[in-house]
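A single chain, nothing else alongside it, follows as structure tokens in the form predicted on its own.
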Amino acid sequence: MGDYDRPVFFHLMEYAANADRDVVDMVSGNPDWEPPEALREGLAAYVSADVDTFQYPPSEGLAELRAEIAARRGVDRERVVVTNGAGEANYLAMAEALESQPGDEILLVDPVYPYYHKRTELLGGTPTFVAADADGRVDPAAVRAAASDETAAIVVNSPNNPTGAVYGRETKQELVDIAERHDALLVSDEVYDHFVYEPDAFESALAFDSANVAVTNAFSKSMAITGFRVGYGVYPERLVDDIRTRHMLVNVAGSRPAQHAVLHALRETPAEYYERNRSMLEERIDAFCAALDAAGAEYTRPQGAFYVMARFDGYPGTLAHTERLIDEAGVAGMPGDAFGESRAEWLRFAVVTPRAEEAAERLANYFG
């Protein structure tokens, strides 16, 4: 393992903050809306709780929270491990796949969320990339062609960061079949599952009864609490004990007050909260994409999540060009080449800002 490689988005957020002009920050997926009211209520109630509730929670997470998650996902509570965000949940699944399976290959979709292949390398695995189609979707036939008995895991993210692609039932079924054929683990990251803009477009990998499926998720995006670090994994029964051990040795346990607040919010937050935020984001996406049309940009309209990838002719998606866009247009995005080779000419923008339409107008003026 080499020197610490500082994530590009940290650098760009700092670069934008230090710019000599006003900048619309569209770098990272930090929600700008309010968390559920019930979450604040849960935190407030915790302040006056007995001192024993300030001590270690169970390593695998509060039993009541795990039970609530299990009931909502239709699985046994023993398969649920509460983690330090979806990031740890993914790490645990990938680490256990490489430990328990004979091969050392991890199949990833390009463009790819950078942490996936960085984790693969950290764990001593070999990343193999399967290019997505023009809409950001993965072709199961391409995954089938790339998979072999050396494949320890297939890692997919739907709704997807960075493309906004959503994988439906047919695609997920085929990915499960491929994982089973090669005795690999399908790791399905579903952290954006509350943000799907096309009815019935999304299917969870938990819809299929398979011992080769691990699903990871978190409340970071759906409840606008990225700083709480409450995620979870639903793991196969054959792997869950080893995953609990790995989680305990790395983290000991998660945050008890954060889990308590999330549990209260899960029980008390009406569906309208999620629907309102989804509608707000869809309106932002509409406005942003309309302005991109005016700029003559090529772009991928997201089916889910809250990211838009765009390509401006003659303007490659490099770090240098992204910094130039901050300096000259006042818009901060992410370079496409941070997500792999297939979208190296593109830029990625997170629409988690009320100034998304203003940012798109700045892009239209700059490139127009």
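Residue numbers run from 1 along the displayed sequence. All values reported here derive from a predicted model rather than from experimental measurement.
We do not show the form predicted in complex with a further copy of the same chain, though everything after this point is about it.
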{"item": "Residue among 244, 172, 194, 264 with a heavy atom within 4.5 Å of a further copy of the same chain in the predicted complex", "value": "244"}
{"item": "Candidate from 330, 335, 340, 35 lying within 4.5 Å of a further copy of the same chain in the predicted complex - any heavy atom", "value": "35"}
{"item": "Residues 10, 57 and 88 all lining a further copy of the same chain in the predicted complex, heavy atom within 4.5 Å", "value": "yes"}
{"item": "Touches a further copy of the same chain in the predicted complex: residue 254 (any heavy atom, 4.5 Å)", "value": "yes"}
{"item": "Residue 118: touches a further copy of the same chain in the predicted complex, heavy atom cutoff 4.5 angstroms", "value": "yes"}
{"item": "Contact flag, residue 146 vs a further copy of the same chain in the predicted complex, heavy atom cut 4.5 Å", "value": "no"}
{"item": "a further copy of the same chain contact at residue 281 in the predicted complex, heavy atom, 4.5 Å", "value": "no"}
{"item": "Candidate stretches 88 to 96, 284 to 292, 128 to 136, 150 to 158 - the one whose heavy atoms come within 4.5 Å of a further copy of the same chain in the predicted complex", "value": "88 to 96"}
{"item": "Residues in 219 to 248 close to a further copy of the same chain in the predicted complex, defined by a heavy atom within 4.5 Å, in order", "value": "221, 224, 225, 226, 227, 228, 229, 241, 242, 244, 245, 246, 248"}
